[in-house]
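Form predicted on its own, single chain, as structure tokens, below.
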Amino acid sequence: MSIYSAPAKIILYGEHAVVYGKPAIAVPVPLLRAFAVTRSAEPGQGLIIRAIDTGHELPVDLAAEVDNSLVEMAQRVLRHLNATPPDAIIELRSDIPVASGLGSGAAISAALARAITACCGCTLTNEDLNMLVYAAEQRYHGTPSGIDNTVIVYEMPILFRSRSDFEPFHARTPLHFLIGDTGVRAPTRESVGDVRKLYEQDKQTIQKKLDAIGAHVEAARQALETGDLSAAGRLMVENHRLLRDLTVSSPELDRLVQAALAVGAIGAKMSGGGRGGNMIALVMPETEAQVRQALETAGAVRVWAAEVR
């Protein structure tokens, strides 16, 4: 038995605008992970995926046409490796809530790909894995930017400009975040599509907002790299306001953001696709407990802590 995994992710600044070529800052959340456990199978049994969270058992046949994202990912990996399905059972489970802006789809795809590669006795570079997970993301999200798969595959904070243009990001001081889950599932594909409709209806107005988000990302990078947490927090709040203008926030997200700010969070904003899912609050260690309590009182169904160094 071997275990392979991949983390969740949060976007600190720049979601949605990143789809239009603007930069974004994102970080992994190592404490929330997707796991793939490999077990031996009888000779000739082939490859079977057991999705523990949904109770599905999925045989993988390279020749079969299926409408299942996990099987399609397995087929994609095997074809890339030029390998036949190994005799193996891969059990998948995840701590990451789905449709919540935390990259659950990319994480489970990355963990599955790593497990299949090991079962085949092959190796896979992060660059190739990133390409394969991006292809899976297209199934989930339509026209993804590539930021989720990149930060999840490389498991490091990044400043992202495009799938071929990203770099490690380093904050001067440790960053402490709380992630507040609204409990509302919201597929990213829908919110991305709605922003696209707004853009096509009024390109000039929406482009100004996207440009402003991009400018805030660059300013936030400088603030975090110089340790100016006050400026970083203000930029989070402004980023959230612009995302509200793009109609991708929600009453639940707005309520959690305001609750965090009211009790001393340095900054707060929605994170990810929006319309539900999660928000993040930048806090100091001494204010973390009171912000957590405020989020829970305001309706967060779960609150996780994340630290970025």
Ligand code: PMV
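As the structure is a computational prediction, the values presented were derived from the model and not from experiment. We number the residues from 1 along the sequence you see.
One more form of this protein, predicted together with this ligand, exists but is not displayed; see below.
For the options Thr143, Thr84, Gln207, Gln222, the residue carrying a heavy atom within 4.5 angstroms of this ligand in the model of the complex is Thr143.
Residue in contact with this ligand in the model of the complex (any heavy atom within 4.5 Å), chosen from Ala300, Ile25, Val291, Val18: Val18.
Proximity to this ligand in the model of the complex holds for all of Ile11, Ile147 and Gly273, with the criterion being a heavy atom within 4.5 Å. When contacts are judged by a 4.5 Å heavy atom cut-off, Ser94 does not count as touching this ligand in the model of the complex.
This ligand in the model of the complex is approached by Thr188, whose closest heavy atom lies within 4.5 angstroms of it.
This ligand is not shown here, and in the model of the complex it never comes within 4.5 Å of any heavy atom of Gly180.
Interface residue remark: Val192 is counted as part of the site for this ligand in the model of the complex, having a heavy atom within 4.5 Å.
With the partner left out here, this ligand still marks one of 229 to 237, 147 to 155, 169 to 177, 213 to 221 in the model of the complex; by a 4.5 Å heavy atom cut-off that stretch is 147 to 155.
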